[in-house]
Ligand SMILES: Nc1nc2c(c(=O)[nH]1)N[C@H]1C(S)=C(S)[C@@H](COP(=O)(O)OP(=O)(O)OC[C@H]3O[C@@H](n4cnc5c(=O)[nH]c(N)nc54)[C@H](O)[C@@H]3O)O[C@H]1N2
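What follows is a single chain, given as C-alpha cells, in the form predicted alone.
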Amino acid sequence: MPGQTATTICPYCGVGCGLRVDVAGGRVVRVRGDDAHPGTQGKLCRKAVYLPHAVYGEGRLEYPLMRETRDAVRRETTWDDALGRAAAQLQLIIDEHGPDSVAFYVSGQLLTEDYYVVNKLAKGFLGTNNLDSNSRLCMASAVVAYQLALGQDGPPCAYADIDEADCFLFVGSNAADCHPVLFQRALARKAARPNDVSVIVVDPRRTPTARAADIHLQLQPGTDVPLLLCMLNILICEQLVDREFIDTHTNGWQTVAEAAAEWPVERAARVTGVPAELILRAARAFGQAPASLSFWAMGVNQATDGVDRSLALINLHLATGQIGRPGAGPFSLTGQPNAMGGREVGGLAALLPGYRMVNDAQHRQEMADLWDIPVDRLNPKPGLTGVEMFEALADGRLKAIWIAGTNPAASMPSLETVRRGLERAELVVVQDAYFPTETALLADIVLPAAQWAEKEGTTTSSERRVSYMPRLVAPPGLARPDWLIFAELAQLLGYTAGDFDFGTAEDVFDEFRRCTAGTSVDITGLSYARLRNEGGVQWPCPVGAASGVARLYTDHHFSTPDGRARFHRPTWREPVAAEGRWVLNTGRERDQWHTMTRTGRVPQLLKSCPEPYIGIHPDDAQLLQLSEGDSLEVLGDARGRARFNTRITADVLPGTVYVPFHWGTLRYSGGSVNESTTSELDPRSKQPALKLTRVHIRRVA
C-alpha cells in the first residue's frame, strides 16, 4: 500500500506544534515538523518525534473491560454490554440520589468535539455542573485572573509577539523543558539582538530556562507577590509607568499603587531572598523595554495565592501599557494540547460553552435556547472542581464518576483520598487509550478510546489558534472517539430526539461554533474546510471575517462593562515557618508527559531520566549526612509517603527539595510524590497548591 503524508497537530503541550505525519500500511511511521504551520514553523520537541512509538507501544486498550463485582477479575466484553451497564447504573444512581450525585472528570487531551458532547450531556441534560477537567491542575488561576483583570478569559497575545519582544519575563515557567519550541523562538530573538533583548526568569529553582536567562530571580517559594509588587514599586518610583494609559483605560490604580509602595526593594530582598540589585535590574529591563512579553505557568498557578500572583503579573502590563500591541502582553502557557479549547467549550465546573457562566441567568437562557431545552434544566450552582470531586467521593456525597483521558490516581494531590474515593464510589467508569493505569485499575468499567491520529477534531493552542486534526489511521480493536462514546451514552440515557445523533465529528463542531455566535470567542466563521486550508485560525473569527485576530485589545477596549481593564490589589500571607520541614516543589522532566501513560512506553524518552529523584541542596545534604544516591523518604501531612534517590544539586535553594511528578506506582516502586503533596486550594480558582508543600524528609536504608 503506498504511503501518504498529512498535516496535523501535536497532542502534547499547549503550544500546538504543527506536524507532518507519514503513514504507510495503515500505521503512523514518522513525524516531522510542519514548516508551513503559522504558529510553530516546523519546530518540534523529542516527545513529538517519538509519537509513533507511543501510539504503538505496549498497553493499548482495544476492547471494553468490565468486572461484575469489586473483587472479580475484569473481562473483555462488548460495547453494548459495557456502555449499557454503565448507563443503567448511572441512571439508577441519579434516580435515587439526584444528578449532583454523579460527576465527570475529563482532560485537556480531549478534542473540542469530545468536550462539547460531554458538557452538553452533563450540564444541559443531566442537570449537573459536576464536570471538571484536569486542566484545573494547570491553568485555573490564570483563567480567573484574566476574567478579573481583562473581563474575559483568553491570552491576549500571539506567538508572533515573540519575534517583536524586547524583554521576556518568565515567571514560574520552565519553558525550556515544558514549552521548548516557544522558548527556542525566544532565544532566537535574543540571539538576533543580544544587546537589545533581555531574558528574565523568576523561579525558586535553577532550571534550564533560568540558566539561559540574563537575570535569574531565584526567590524563596511563595514570595512571588512581594517580588512583583516590588517591581511595580520600582516602575512607579522611576517613572516607568504609562500614566496616560492608566488614566484612560484602567480602573483601580490607586489601590494597587499603595500596595506596591509597601514593598521597597530592601524589604522585598529580605522576604524573597533575591538581591536588591537583581530586582532593580529586572524591573528596569521590563519597564524600559519598548515591548515586554511575560509568560507564566504552573509555578504561578499552582498555589493558594495563584490568582493573586497572576493578577500581580498582569498589573505590571497594565501599569506600563504593555498590552494589545506587538511584542507585549501577559501570556499564560497551558500545559495540555486543548486546555484552551476546553475553556471555550465549558470544560470547567462553572462554565458553559462560549465562555458563558453557569451562575448567569442570561447565559443559561441562551444555552437553553440553543439546546432547545427548558432553562430550569440548567443548574445555576457551579459544580465540584477536580480536587473537590475526589473528596466528595471519599466522604460519600458523590456516588459515581466518569473519567476520560486522564489518570487522577497518579496526578492528583493527596492520592490516598483519591484512592479512597474511587474505592467507595458505587460506579467508576474510565475511558482511556491505555491499560493499565493507576486509575483504570480502580474502575468497574474501562472503555477503549481512540487517541491522536485515530480520530478527527479540533484543538485550540495557547495563542487561541483553532486547528484541525484529521483521522490518519484506524484505532486499534474496538476503540472509539470520545465524543462518540459520550453521544451513545446520552442516547442510552434516553436523550434521542435529535439531541445527540451526531453523525460525524464535524457535526459536533458545527453545533458548537453556533453556540459561540456573538460571544468573545466567536468562531462562527470557521469550518473544517477552512481550518484544513489555512492551517489553523486564531479566534475570534466570526462569520465574514477574512482572518482571525492575532492580538486582543489592540484598541485598548477591554471586555468589562465600562471597557476599562481593572487593577486588583494582590494579597499575600507570609508563609508560616515549619521547623523540621522542607518545602517540596514538583515539576516536569523534559522528555516526559503527565503520568507517562504515553511517553512512559517509549524507551528513547526514558534515557534522559529513567526514574524520579529528589533534588536537595548541598548544605542540606551535609546537614542530613547524605551522599549522592542515598534514599530519602518524603512524608506529607496526610501521612502519604514516597521514597527517592538523592540528587545533590545547587539548582534548588536550601530548605527546599524538588521531585518530578510523572511517576506513579505502576512505573516506580518507591511511590508517587503526589502521595505527599497538599490538597490546599486557591479559594477563587480551586487550583491545588502543588508547588509548595511542607514535608518531612528522612534518610532510609
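From 1 onward, residues are counted along the sequence shown. Owing to the predicted nature of the structure, the values given are computational and were not obtained by experimental measurement.
Beyond the structure shown, there is the form predicted in complex with the named molecule, which is absent from this document and is the topic of what follows.
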### Site check 178, 219 and 405: each within 4.5 Å of the named molecule in the predicted complex by heavy atom
yes
### Task
Considering the named molecule in the predicted complex, find the one stretch among 384-392, 355-363, 204-212, 489-497 with heavy atoms no farther than 4.5 Å from it.
204-212
### Query
Can you pick the one in 421, 156, 346, 299 that has a heavy atom within 4.5 Å of the named molecule in the predicted complex?
299
### Summary
Partner-free chain; cross-checking the named molecule in the predicted complex, the single residue of 411, 519, 538, 128 with a heavy atom within 4.5 Å is 411
### Query
With the partner left out of view, is residue 582 within 4.5 angstroms of the named molecule in the predicted complex by any non-hydrogen atom?
no
### Task
Answer with yes or no whether residue 317 is in contact with the named molecule in the predicted complex, where contact means some heavy atom within 4.5 Å.
no
### Query
So, in the predicted complex, is residue 340 in contact with the named molecule at a 4.5 angstroms heavy atom limit?
no
#### Entry: the named molecule contact at residue 172 in the predicted complex, heavy atom, 4.5 Å
yes
### Task
Scan 302-339 and write down, in order along the chain, each residue with a heavy atom lying within 4.5 Å of the named molecule in the predicted complex.
302, 309, 335, 336
